[in-house]
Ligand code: ADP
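Just one chain is shown here, as structure tokens, and it is the form predicted on its own.
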């Protein structure tokens, strides 16, 4: 087994930043190339979540960078300090960590980006952040259950993952399960079909911390709701922590059993609202810093003004700016930023509208409060404007049906699809409706 020269690590990082900037993070500088044995070079990683991120997303780029830096056909392996000091190399299991018994769904990957340190706190998410931090510090004792809700791309998943990561650091032996609601339901159905319900129940009801994203997907799922109800009760009564996220508060999730609505609301329910401009500027700078990308203030301000509803869109914009800067070999400035993302957020109607623009315009046009438009009321005076809003959102934004439904009071994609078909069909035979929509589109186009 041979030691690795420090220049190799520098060369690996340079190759990664040059060839794979989208995966690179500032904490890559803390990775160490510790030794080389036969055809494998081992990289020391200090955080288990970072280890998983590298193993799941970065093995091929690191292999390419390592072979470029050494001129040899080498494989790569990522290990923790515990594995380096106490586990023989040939016994290291890919994907395992010795610091925590965290169990993750196969499709759910904790991102090192989603920590409390990188979460930007503003007036629109202060309560949710404070509660999430308290839950991570005292699982099962602070707020149980903890239910966080808000629109698509506002930071719910970030908080859920931050809770997992902080809990892992505080108690390496904690049994944690982080999954999506759909994954829970799929595993439940597999267990039913395979006759393995006892194993399924034993597994889910013995975690210290159960974190479920997008719990609104339980809507109208009778057998899954029944099973989750009993799972929830077992964990709750045993003093174990349950954390849930949703696009809507518990009492507004359609077709959710009353007993589940009651259980979900018995702890703390916290809302994350659309971030204000100042918070968005801070988010832009934070996301850029994670990628070691320096943004001038006018660039950060431009991005924050351009993208005002979805933090994931901000991440996409920063990735594109970074890529363009790398290809052009130029510093990031306002002119380059406008070229890079100026057309990125236009819809097929060549507008730059957000769903919030549409919500505000439709509610104002029909004299409704925003809460009425997003409510469960089905009176025509409310339901028709709501359907028109969904129709315009689908036509003039790039959001999916599910995402649009999330903005319109946590409705599912089938409701949005019905609304679009309904309005599209009515326009041809209803001149008044057609004129109303044309007027709304005119107002929206002026705003854009």
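What you see is a predicted model, and the numbers here were worked out from it, not measured in a lab. Residue numbers count along the first chain shown, from 1.
Although it is not shown, the form predicted together with the named molecule is what the next lines describe.
### Task
Can you check 113 to 121, 253 to 261, 364 to 372, 164 to 172 and let me know which stretch has heavy atoms within 4.5 Å of the named molecule in the predicted bound form?
Partner-contacting stretch among the options: 113 to 121.
### Query
Is the named molecule close enough to 144, 212 and 234 in the predicted bound form that each of the three has a heavy atom within 4.5 Å of it?
No, because 144, 212 and 234 lack any heavy atom that approaches the named molecule to within 4.5 Å in the predicted bound form.
### Query
So which of 353, 359, 307, 283 reaches within 4.5 angstroms of the named molecule in the predicted bound form, heavy atom to heavy atom?
In short, 283.
### Query
Which of these residues, 154, 317, 218, 295, gets a heavy atom within 4.5 Å of the named molecule in the predicted bound form?
Here the answer is residue option 154.
### Message
Even though the partner isn't displayed, in the predicted bound form is residue 312 close enough to the named molecule, meaning a heavy atom within 4.5 Å?
### Response
Yes, residue 312 sits close enough to the named molecule in the predicted bound form that at least one of its heavy atoms falls within 4.5 Å.
### Message
Does any part of residue 125 reach within 4.5 Å of the named molecule in the predicted bound form? Heavy atoms only, please.
### Response
Taking the distances in the predicted bound form, the answer for residue 125 is yes, it comes within 4.5 Å of the named molecule.
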